[in-house]
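Take a look at this one chain, the form predicted on its own, written out in structure tokens.
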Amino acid sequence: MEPKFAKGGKLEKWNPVFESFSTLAFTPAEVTKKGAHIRDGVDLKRTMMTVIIALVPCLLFGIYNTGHWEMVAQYGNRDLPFWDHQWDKIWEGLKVVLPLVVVSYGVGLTIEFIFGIIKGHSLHEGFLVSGLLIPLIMPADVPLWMVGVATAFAVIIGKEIFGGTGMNILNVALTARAFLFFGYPTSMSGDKVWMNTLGDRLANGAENLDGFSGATALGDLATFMTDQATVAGQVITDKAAVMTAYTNNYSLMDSIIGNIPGSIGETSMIACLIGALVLIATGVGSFRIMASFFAGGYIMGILLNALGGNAYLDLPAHFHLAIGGFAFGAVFMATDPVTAAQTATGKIIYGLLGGMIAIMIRVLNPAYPEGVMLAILFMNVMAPIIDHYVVQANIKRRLKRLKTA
């Protein structure tokens, strides 16, 4: 089939489409003619596939956890055992997650194909990862059309206008989430969007469940800044009892395992750490960024504990690392090789500041209890400046060494 798509062939204009599928399945036919090059079987597509493999634990657990909270809302029983009715939960989770993945990849790849044909180049491989990241950072109840619009915005405005993969200054998946968060906030926050319950309630005639609270751990934390706190829908005015109620409802172990409401792929710290091991072992992800991001978050948590004053500030620093999208952001978002810092020292500074800013936004802004997205997007913008000053410092140090010699 290749000659038909080659230059001069009948289907020449469709070569970007053919070439993309061909190189995805086979080693490219191009060989080095001259000069020194690294000879390796790993190319950009295979690097992206490694990230997808690392995301599989988060995807699988996200499907199960989504199904669990679907059934919790369906029966109005928050104490439903997590490991019961496994196949029912997997089925319920698939009905929610699979359409999101299909829409994300369908819209994104279609746009990539269009730009590839117009510009006459092969598809940019970066969306292989972004297409899976986008549904994983969405709440379960987000409408499919919103995912499609956000994906189109992220690919066109966040990437293609900058020149495509490798040229974007902001993480594509986080750009999609930011678009929805600021454009359609009621569909991305609150206590009703984390479980797709309306269809189940109507099907079972359970209109009496309208008061059921599906708030996330961070959603409940946000109420700790006021004179009263709400934990799992229960209002508590005694500050001494707030932390006990919170830890009983969102234990550290549940937060690490992921048995809490939240965006589809972000709840399980264990799944994120498995992905981190894959990325670090294969050299795809930066250990410096991951470790410094966690360190920055922990340091900021300790500093806020020292301030004290309310239950939110007093929350133990290690809790912040296990809840919300902190671990997912540290492993899969902050380490984006295109938008992160490139120098070794810059990666440490980038991760440290990112983790600190994420927790600072989370705690000090009760209107926005999850600060990871904004922190990483802000550090994406700052990454080139960090690298610039790191390089300049290296130059000055070496010039000083030369004068001394």
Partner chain sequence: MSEVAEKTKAPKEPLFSKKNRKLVTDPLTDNNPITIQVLGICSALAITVQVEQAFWMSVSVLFVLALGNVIISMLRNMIPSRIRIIVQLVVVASLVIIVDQLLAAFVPDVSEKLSVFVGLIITNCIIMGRFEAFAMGNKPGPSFMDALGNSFGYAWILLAVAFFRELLGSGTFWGIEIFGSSIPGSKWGLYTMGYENNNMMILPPMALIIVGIIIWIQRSRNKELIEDH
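Residue numbers count along the first chain shown, from 1. In this text the structure is predicted, and so the values were computed from the model without any measurement.
Here the subject shifts to the form predicted together with its partner chain, a form of this protein not shown in this document.
- Using a 4.5 angstroms limit between non-hydrogen atoms, Tyr105 is distant from its partner chain in the predicted complex.
- Within this chain, Gly183 lines the site of its partner chain in the predicted complex, having a heavy atom no more than 4.5 Å away.
- Mapping the unseen interface onto this chain, Ser187 counts among the residues with a heavy atom inside 4.5 Å of its partner chain in the predicted complex.
- Using a 4.5 angstroms threshold between heavy atoms, Phe153 counts as touching its partner chain in the predicted complex.
- The three residues Phe115, Trp145 and Ile161 all sit with a heavy atom within 4.5 Å of its partner chain in the predicted complex.
- Residue in contact with its partner chain in the predicted complex (any heavy atom within 4.5 Å), chosen from Ile157, Ala295, Leu307, Leu252: Ile157.
- Though its partner chain is absent from this view, in the predicted complex it lies within 4.5 Å of a heavy atom of just one residue from Phe319, Tyr312, Phe179, Phe82, which is Phe179.
- Only one of 129-137, 320-328, 273-281, 145-153 places residue heavy atoms within 4.5 angstroms of its partner chain in the predicted complex, namely 145-153.
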